[in-house]
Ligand SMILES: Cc1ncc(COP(=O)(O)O)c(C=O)c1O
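The chain below stands alone, shown as structure tokens; this is the form predicted alone.
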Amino acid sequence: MRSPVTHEYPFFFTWSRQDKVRPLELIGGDGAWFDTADGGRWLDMGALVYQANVGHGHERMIEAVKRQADSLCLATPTAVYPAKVELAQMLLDLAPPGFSKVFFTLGGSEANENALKIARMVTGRYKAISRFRSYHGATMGALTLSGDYRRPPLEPGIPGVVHALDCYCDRCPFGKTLDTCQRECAQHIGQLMQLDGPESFAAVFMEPVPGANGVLVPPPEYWPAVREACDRHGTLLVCDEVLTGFGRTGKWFGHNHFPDAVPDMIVCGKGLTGGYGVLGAVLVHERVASHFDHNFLYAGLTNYAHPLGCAAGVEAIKVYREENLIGRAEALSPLFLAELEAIKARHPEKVSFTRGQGLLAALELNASPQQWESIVDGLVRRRVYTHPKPGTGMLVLSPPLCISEQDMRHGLGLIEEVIAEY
């Protein structure tokens, strides 16, 4: 039987059983808050789908898109126009030295898809490694790379993807602790390449911090060890910054926390436009990009580098800089993580672990399916927007980078109320 709510709408709701959806009719917002048609005002502790980094109702962002629409709103993929040139150069300036080209896409999924194509073309190999607890996108190649509940129902995906065990320090898959381990999770990736044919792997795809699957923050040695394994086997390292990029972890990019492990490609989306434009990007190091100086690039999209998306991206980077949102995320992070740890201390029987970096964090909860219903209901009643993950026990938080300390404390207080009552 159709839901009395969702059957009214002539479209599908994504990643959901249609009769279980609780749609929100959004009508606007400002800063860390958004408004709904029923008169509700929600505190956004999730940055919508992790993209609303600059906040809601940002006038500069809205005006930038309007200006672009007035001057140029249609283009071919091979066209050149100021916003496209300016944004590409801005992104390369943010990347480590040696990055020389940008491939624009429609979003993060397509960015990972095209990074995989580029890796296959450059190396002449077809296999890729990603991790079991990961999310790289909804298109078939990106979904095959992903390692959460969304992949198995759509298998088989593309051939050649091998999944590695995670850097899950609170529940180490190798039975170790941070004090006793030899970073087996990082060594595991090199071992997989060796065992499955090192000459066949085009790339390793990793998020700096897997966000939607529990905010698994790696130790400092992890990324350099994976970089070394890639170099040893001639495999490219692709850093998926779709969720972690543009200040989410307290730096411009999540991989900036590991400066000794420069990737070969950096994949962007979400915060690239702050959600105000449809756009993704692959930043490509010269050692990879130079392959296409004399070789055909078999990749393209009708709306490649759409003018409205590029304009939103240019303005978003300016807002990040001029409003010091990256520094703000870094400055608020210690308080954010300390408050979460305090919630755990007050509810040790309900909160197993807290993890986080910047303004990205997770509470790992002990809750039955029925209790998860209570948690979701409690969040809805209090109109606080988060990312509950019932199948994993995770409650993921990622507020807009512009959130005030007062609003952040208020949101965490509401979340603690929900935890206390289930």
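In case it trips you up, residue 1 is the first one in the sequence shown, and so on. Since the structure is predicted, the reported quantities are computational estimates derived from the model, not experimental observations.
Missing here is the form predicted in complex with this ligand; even so, the following discussion is about that form.
- Here is the short version: of Phe336, Phe104, Phe201, Tyr135, the single residue with a heavy atom within 4.5 Å of this ligand in the predicted bound form is Tyr135.
- Exactly one listed residue, out of Leu243, Val215, Ile118, Ala128, brings a non-hydrogen atom to within 4.5 Å of this ligand in the predicted bound form: Leu243.
- Although the partner is absent here, Gly274 lies well away from this ligand in the predicted bound form, with no heavy atom inside 4.5 Å.
- When contacts are judged by a 4.5 Å heavy atom cut-off, Lys270 counts as touching this ligand in the predicted bound form.
- In the predicted bound form, at least one heavy atom of Ser109 sits within 4.5 Å of a heavy atom of this ligand.
- Although the partner is absent here, Glu207 lies within 4.5 Å of this ligand in the predicted bound form, judged by heavy atoms.
- You can rule out all but one of 96-104, 234-242, 340-348, 318-326: in the predicted bound form, only 234-242 has residues with a heavy atom within 4.5 Å of this ligand.
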